[in-house]
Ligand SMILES: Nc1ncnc2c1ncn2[C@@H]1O[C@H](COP(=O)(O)OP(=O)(O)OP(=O)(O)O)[C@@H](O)[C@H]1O
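Only one chain is included here, represented as structure tokens and corresponding to the form predicted alone.
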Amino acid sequence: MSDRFRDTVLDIRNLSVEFPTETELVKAVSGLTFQLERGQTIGIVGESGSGKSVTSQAVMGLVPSPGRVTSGEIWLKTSATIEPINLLALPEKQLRRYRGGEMAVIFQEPMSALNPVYTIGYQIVEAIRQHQTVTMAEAQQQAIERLQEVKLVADEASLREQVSRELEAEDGATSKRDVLKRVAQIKQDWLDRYPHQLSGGQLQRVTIAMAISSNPTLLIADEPTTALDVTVQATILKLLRELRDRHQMSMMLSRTIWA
């Protein structure tokens, strides 16, 4: 393996993406080149329409029609591959093996990323089982662990302490069995919630939980805080940094600025 790729996760070379219209050929991305190292975050900043989201879509192989990549290479080096692979050279069937598994994406509008007719638990479990061979019970346990990791659900010790206080206040006596039973119910209640029952910040935490459920090598955060208020934006960005460091992911983060 070349020294160039030893710690490089993503290597984009001379990437160009174009969208034909009735009157002209619009160049959304032109000659883009950059490298992203393991555990590193790179920020793509620009005005609305400058090609930030299109770059993310190109990496994931999701450029919407009639747009197309007209030149360049996108090399990905994952924990599962000995040599880097050129994503643009892969057939769609092979690309799907990496999309959502080794590469995950967080979109700017969490409500549109989640299906409103399914519970958040169902959607996280579905994402887990799509990329892992686990039982339903194991996937549900992982879903809870991911929700705890993104701090939407309290950790185990905090949950038990909270429940113990509640039970003592109710009848003055607690048992380990009663505590565990109510803790399990609290977890299940979270899995049974629908997207409309959560705030924007909570929904974004759910999409982050789904994204990290497969322990990706590359996490693409396409303006993940745009739809959130300033205070929530700060907590989400802090959370993403913590998850990046904990999982040793590489992160591509895009952000709109206004001229």
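The shown structure was predicted, so the numbers you read here are calculated from the model rather than taken from an experiment. Residue numbers run from 1 along the displayed sequence.
Although it is not shown, the form predicted together with this ligand is what the next lines describe.
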If you check S30, Q40, Q202, S50 against this ligand in the model of the complex, which one has a heavy atom within 4.5 Å?
-> S50
Tell me, please, which stretch of 42-50, 229-237, 186-194, 204-212 lies within 4.5 angstroms of this ligand in the model of the complex when heavy atoms are compared?
-> 42-50
Please check if V54 has a heavy atom lying within 4.5 Å of any heavy atom of this ligand in the model of the complex.
-> yes
Going through 16-39 from first to last, which residues have a non-hydrogen atom within 4.5 Å of this ligand in the model of the complex?
-> F19, V26, A28
